[in-house]
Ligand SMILES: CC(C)(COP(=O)(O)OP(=O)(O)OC[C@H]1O[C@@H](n2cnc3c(N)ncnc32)[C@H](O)[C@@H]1OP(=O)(O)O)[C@@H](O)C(=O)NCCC(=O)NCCS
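Consider the single chain below, provided in structure tokens and representing the form predicted alone.
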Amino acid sequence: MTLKDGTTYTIIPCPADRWDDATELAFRVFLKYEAKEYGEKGTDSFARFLSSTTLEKLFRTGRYIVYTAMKGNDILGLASLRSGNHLSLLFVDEAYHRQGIASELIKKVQDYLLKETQYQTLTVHSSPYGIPFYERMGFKATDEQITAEDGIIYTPMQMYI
């Protein structure tokens, strides 16, 4: 895949030694684009989720699928799956927004689901910031916006693959 500057990137399973880098990217982008709406409680909850040893253990044992968009050794973005067909994280470094990376990560996840599982849908709990993107990708809201007790704000969405 090609970026606006003509350089290429690939999407690969997240290398085991890049877990911390991938979650750092997710948190950095979250802070820039989403934390204001979530407030301190939601931001703290998201930080706890990303730093959870349980989440890392699931990743290391192959039960939390993470794909990374890589340009050389740089992580440009990531997408992850949990509970089989639930898109758990989708973040792209700010410098690479609007270059198709998130769309390609979604396509990679869809391809994985079609080839490796029996799932016919992909679900996501979209942040308010992400809703327009997910709608462009073909997701539809399945419920109203929810504010969870832990401060996380999301709209449940689903797409058929």
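Note that the structure is predicted; figures quoted are calculated from it, not measured. The first residue of the shown sequence is 1; numbering continues from there.
Although not depicted, the form predicted together with the ligand is the subject of the following passage.
Checking 51-59, 64-72, 124-132, 111-119 against the ligand in the model of the complex, the stretch whose residues place heavy atoms within 4.5 Å of it is 124-132. Against the ligand in the model of the complex, the set A22, L81 and K107 makes no contact: no member has a heavy atom within 4.5 Å.
At a distance threshold of 4.5 angstroms between non-hydrogen atoms, S103 is in contact with the ligand in the model of the complex. Proximity of Q99 to the ligand in the model of the complex: non-hydrogen atoms within 4.5 Å are present.
In the model of the complex, no heavy atom of A141 sits within 4.5 Å of the ligand. The ligand in the model of the complex comes within 4.5 Å of a heavy atom belonging to Y33.
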